[in-house]
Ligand code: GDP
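The chain below stands alone and is given in structure tokens; this is the form predicted alone.
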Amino acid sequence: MLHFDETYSPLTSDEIIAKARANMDASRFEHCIGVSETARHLAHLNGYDENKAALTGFIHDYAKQVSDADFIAAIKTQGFDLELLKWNRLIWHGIVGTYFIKRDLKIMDAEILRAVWYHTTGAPKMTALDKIVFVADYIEPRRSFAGVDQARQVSFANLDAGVGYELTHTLEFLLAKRARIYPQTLLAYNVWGAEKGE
């Protein structure tokens, strides 16, 4: 049975779960459960607050299925950098998703919101929770892409190495598609993914 620490919101755990379930389809909801479970495990391995990690993992994709129109309206009215309008929901759901989490789930904890903000892009400087959620999203049990088992082995052995593995393979994937790469992700790769001294 799902249950989350009620320290971080005036809403009950059940209310947070119900709002999340209503805001996404069943597959996305199951993904969020998987990320929550994996975040809890990574927190345990790394001496971090397991309950806080589990909650953050659960809400990381709260806004993944918000409409483009609602994202654009939030960017224009809630003080976000207007450069975000040049990107899309793959970037928006983390960064702008923090607005919807504050609005709907009443979660204001800066560390939680930061981890949601960076869970897709990564960052040159990452807190323990940033890294836990970033990696948990990549390796949760429902993921089945080529290399995911190695990603799990690396990440469970060393969280920083897991961040580097994910950034490296994400960039390889994006480059193979000739996709645009968010600048923050390149900066993150240079810190966490690149061989030191090169």
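Note that residue numbering begins at 1 and tracks the sequence as displayed. What you see is a predicted model; the values in this text were computed from it and never measured.
Keep in mind the form predicted together with this ligand is missing from the figure; the text below concerns it.
You can rule out all but one of 66-74, 149-157, 53-61, 36-44: in the predicted complex, only 53-61 has residues with a heavy atom within 4.5 Å of this ligand. Distance criterion of 4.5 Å from any heavy atom to this ligand in the predicted complex singles out Ile91 from the list Ile91, Ala123, Leu113, Ala128. This ligand in the predicted complex comes within 4.5 Å of a heavy atom belonging to Phe173. With a 4.5 Å cutoff on heavy atoms, Arg180 counts as touching this ligand in the predicted complex. Contact annotation for Thr185: at least one heavy atom lies within 4.5 Å of this ligand in the predicted complex. For the three residues His3, Lys19 and Lys106, a heavy atom within 4.5 Å of this ligand turns up in the predicted complex in no case.
Taking this ligand as positioned in the predicted complex, the residues of 128-158 that bring a heavy atom within 4.5 Å of it are, in sequence order, Asp137, Arg143.
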